[in-house]
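Shown below, as structure tokens, is a lone chain in the form predicted alone; questions about how it binds or moves come after it.
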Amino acid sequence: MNLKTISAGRIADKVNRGELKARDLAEIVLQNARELNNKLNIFCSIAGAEALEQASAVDQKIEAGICLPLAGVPLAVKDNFMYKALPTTLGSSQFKSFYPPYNAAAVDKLIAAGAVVVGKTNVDNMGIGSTTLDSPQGPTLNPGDLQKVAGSAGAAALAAGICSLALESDSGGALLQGASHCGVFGLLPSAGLVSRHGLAVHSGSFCRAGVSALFPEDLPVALKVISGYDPRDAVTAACREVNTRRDKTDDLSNLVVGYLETLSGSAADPRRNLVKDTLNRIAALGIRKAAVQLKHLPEALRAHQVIAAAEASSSLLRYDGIRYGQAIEAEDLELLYRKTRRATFNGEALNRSIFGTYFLSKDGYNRYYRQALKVWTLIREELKTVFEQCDLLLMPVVRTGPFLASGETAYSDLLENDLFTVPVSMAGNPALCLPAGDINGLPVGLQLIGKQFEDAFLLSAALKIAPAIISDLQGFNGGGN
């Protein structure tokens, strides 16, 4: 079975009807995962007996007359989500043998819905990054070009046809950027919609759990499964106050899609032309467009870096080898801390620990951190103003294509690539990456951004807009064969 041509919904339907055994599918998927992992470096660990046991349990439930929304659907889980059946490395060699005693909330919900975990996907050290270049096992390669990174190992697993859904995390753009680089659909839900219990969070203000898929119609199903209030994550209390709105997508002429006017006119950047072409395609559906402004994009990028570093420096303190992690032998306590943290953290985690500590110091607080908080408020208010002019906002996902897997990329370029995704992280809005074309032979996505907690509206609109953007999307409405 080619997972690139069949949606998760169709797989679940076949399993629920008894036309396909979840265990038979799991055996095929695991074999495929092992073969392709040698080429693409997607997984930190691949499930074996664990996945087969899960699949057999799904078959038993189906035989007992229980219908599951994700019955037998192959699932990849990012390796900063706790999953007790496999090691959770957090992208650090110091955790390569760590088996957590519990599952993350989102993992439990997906398994309960019938999904079968194929394996844990590669992640940057301590989950900090959007390229996997900072992973101790090396970067995950892009299925479309083995010289480039995939960005997200979960997106690579989807693009390679290994799984149908990927559970992801995002604090500054990893989920959306990976989806863009690999030509898949990536959904970053509203902040507070999905529990982060069991997700190793390095930035409490920005980290979120999300999901990626090959077929857009699978995203609403997966979101319904993983969302909801969780007393173990106080942020999800916001779910109790989610507002509903009239579905304007029944008549597309009611929709207004905003775009950044400063991006649409230049012929020098192919991504700007992609935005312009996409706007023309959706305008042909009767959707109106409106030029809007986000004046504080550059400032938001810098502010995000300051706040995220400050929060990471605090969050990473616990990995000292005594409370968490594996201690390195040393003559005294201070040297033990130094050696252990050096062994646990790679480049970006070390950078954020050092700079974040300074930003929270007496000298750095007023000079940097306090100013960054002001910009955070400005960008949230600016996005609120934007959504008074439009229902959805269309923006690029990345400034450049996927980086070289060799790592020969300037550090400043890595940071600048988050320009269009950090405002979404800072404001807590939902965003959806849709494949919108290709540049130099590799896929490129655009992001549709909605108002906070209007995730269902965003997905409903995207399902109607996507066929106009992706005319050659296989099996879009039917979910494949």
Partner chain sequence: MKYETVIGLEVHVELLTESKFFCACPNHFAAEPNVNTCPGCLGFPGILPQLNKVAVQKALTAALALNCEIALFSYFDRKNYFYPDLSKGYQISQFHVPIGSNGYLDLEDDQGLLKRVRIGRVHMEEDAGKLVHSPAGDTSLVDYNRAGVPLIEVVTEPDLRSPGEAKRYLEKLKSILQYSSVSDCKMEEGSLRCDANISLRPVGSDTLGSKTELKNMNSFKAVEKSLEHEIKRQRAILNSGDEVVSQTLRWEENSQETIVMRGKLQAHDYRCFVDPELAPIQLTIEEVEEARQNLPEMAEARAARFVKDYKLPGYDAAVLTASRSLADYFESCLAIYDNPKAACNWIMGEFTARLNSAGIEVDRCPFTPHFMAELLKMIDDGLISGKLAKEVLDQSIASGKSPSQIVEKENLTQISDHGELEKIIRQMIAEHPDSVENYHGGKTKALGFLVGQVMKETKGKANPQLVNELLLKTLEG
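Keep in mind it's a predicted model, so treat the numbers as computed, not measured. Positions refer to the first chain, counted from 1.
Beyond the structure shown, there is the form predicted in complex with the partner chain, which is absent from this document and is the topic of what follows.
- Taking the partner from elsewhere, Gly198 is found to have a heavy atom lying within 4.5 Å of the partner chain in the model of the complex.
- The partner chain in the model of the complex comes within 4.5 Å of no heavy atom belonging to Asp218.
- Using a 4.5 Å cutoff between non-hydrogen atoms, Val275 does not count as a contact of the partner chain in the model of the complex.
- At the 4.5 Å threshold, heavy atoms of Met82 reach the partner chain in the model of the complex.
- This chain is drawn without the partner chain; in the model of the complex, the residue among Thr400, Gln147, Asn280, Ser361 with a heavy atom within 4.5 Å of it is Ser361.
- Checking Gly138, Gly286, Gly407, Pro231 for any heavy atom within 4.5 Å of the partner chain in the model of the complex turns up a single hit: Pro231.
- In plain terms, the part of the chain that comes close to the partner chain in the model of the complex, with a heavy atom within 4.5 Å, is 100-108 out of 115-123, 100-108, 178-186, 253-261.
- With contact defined as any non-hydrogen atom lying within 4.5 angstroms of the partner chain in the model of the complex, Ser205 is the only contacting residue in 205-227.
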